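Only one chain is shown below, in C-alpha cells, and it's the form predicted alone.
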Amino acid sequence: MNRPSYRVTELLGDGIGAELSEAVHRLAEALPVQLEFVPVDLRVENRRARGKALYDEAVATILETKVALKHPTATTEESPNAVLRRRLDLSVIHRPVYTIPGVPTNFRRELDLDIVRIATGGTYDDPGRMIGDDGAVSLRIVERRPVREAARYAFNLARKTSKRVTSASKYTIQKATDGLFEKVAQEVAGQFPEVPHSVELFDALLGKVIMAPEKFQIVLVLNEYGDFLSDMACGLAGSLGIGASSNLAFDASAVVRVALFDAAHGTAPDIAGKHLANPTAIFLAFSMLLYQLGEIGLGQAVKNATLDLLREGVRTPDLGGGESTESFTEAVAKEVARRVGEKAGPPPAA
C-alpha cells in the first residue's frame, strides 16, 4: 500500500533552528505518511542578502503547499512573523495551552485550553493619536468576516475533538464592537447544534480559568483579549515559550486556505550547536500541522508521545533531564512509531 503523501513548506530559522529541523525530519520518518519538506531559508543573512525576493518566494511556496512549519527566526530589521502574517492574510491564531510535564509552575491545577484568537482588528490595527496635549484616542475595529472565520474554525475544532466552545468579550459594555462579535459567534453556533456553547464576560473568564480551568476547553476571543488570555494561560502553565501555535488564513467560504505552524520560543543562540535544544514546542507545532492535513490520529500520537515521555522524566536539560536534542528526538520517534504500529494492528497473515 502506498503511503499518503504531503508537501510541507519548511521555513528555516536562526540559532537552534537547524537542530530543530533535523529533529522534525527524524520524527517524520517514524510516521506512516510521506512528507516532502520544501525548504525556504529565512535565516538573517539570507534575508539581508535577498530582501523582498525571499519573502516573495516564501509566500509563493506556502500558497502552493497550503501548510508551513516555521522555525524560530531572529527579529532584526523586520519581524518575519509580522511580514508573513500580513502577506498571507493570517487572520486567526490558534494557541493550545496545557500543562506540560517537567515545566515548573506555581499553578497546581491541570490546564488544557485551546485559545482561538482573531489576529486582526481591535485597537492593535490603529496606532492611536493625541487630542491636544492631555488626551489620546484609539479606534477599535471589529469586522464580521474575521469573526466568522475564527468562530467557524473554533466550532469545527470542537466538532472534531468533542470539546465545547466559550466565546468571551465585554459585550455588555462594548455594545457595538463586542456586541457584533457575540452576534456573529451566536450565528455560527447555530450551524453547530451538537457543539455546546456558552458566553462569558472576559474579565470574569480570567478569574474562572484560574479557579476552575476544567470548565473551559475552546475559548473564542477578539484580538486584545486573545493576547491577554494567551499570556495568562502560558504563565499558569509555567512558560511563555514552550508551546506552539497555528496562524490561519481562510478562503471566501471561511475554510482554512493556508496554515503556518510555529513554536512560541525564540532562537536561543546561546545553546545553538550544543545539542541542548528542546524540540518539544516544534513537535507540538508539527502535531498541529498533522491535524490540519487530516491526519488526526498521527497528530495525537506525536503530541501524546511527547508529553508522556516528559511525564516519565525523559527530558532535555532545560527541564531538569539529561537527554540531548538527538536522544530526546529518538525517544519520541520510537514511541510514536510504536503507538502508530499498535493502532494499525498486526500485518495480515501470508
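A quick note: this is a predicted structure, and the numbers were derived from the prediction, not measured. Note that residue numbering begins at 1 and tracks the sequence as displayed.
Absent from the display: the form predicted in complex with nicotinamide-adenine-dinucleotide (NAD). The rest refers to it.
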{"query": "is_contact(E77, nicotinamide-adenine-dinucleotide (NAD)) in the predicted bound form, heavy atom dist at most 4.5 Å", "finding": "no"}
{"query": "Proximity of T73 to nicotinamide-adenine-dinucleotide (NAD) in the predicted bound form, heavy atoms at 4.5 Å", "finding": "yes"}
{"query": "Heavy atom of S167 within 4.5 Å of nicotinamide-adenine-dinucleotide (NAD) in the predicted bound form", "finding": "no"}
{"query": "Contact of A263 with nicotinamide-adenine-dinucleotide (NAD) in the predicted bound form (heavy atom, 4.5 Å)", "finding": "yes"}
{"query": "Single option in V103, I93, V195, A268 placed near nicotinamide-adenine-dinucleotide (NAD) in the predicted bound form, where near means a heavy atom within 4.5 Å", "finding": "A268"}
{"query": "Listed residue (D41, D318, E323, E295) with a non-hydrogen atom within 4.5 angstroms of nicotinamide-adenine-dinucleotide (NAD) in the predicted bound form", "finding": "D318"}
{"query": "In the predicted bound form, segment of 171 to 179, 271 to 279, 124 to 132, 198 to 206 with a heavy atom within 4.5 Å of nicotinamide-adenine-dinucleotide (NAD)", "finding": "271 to 279"}
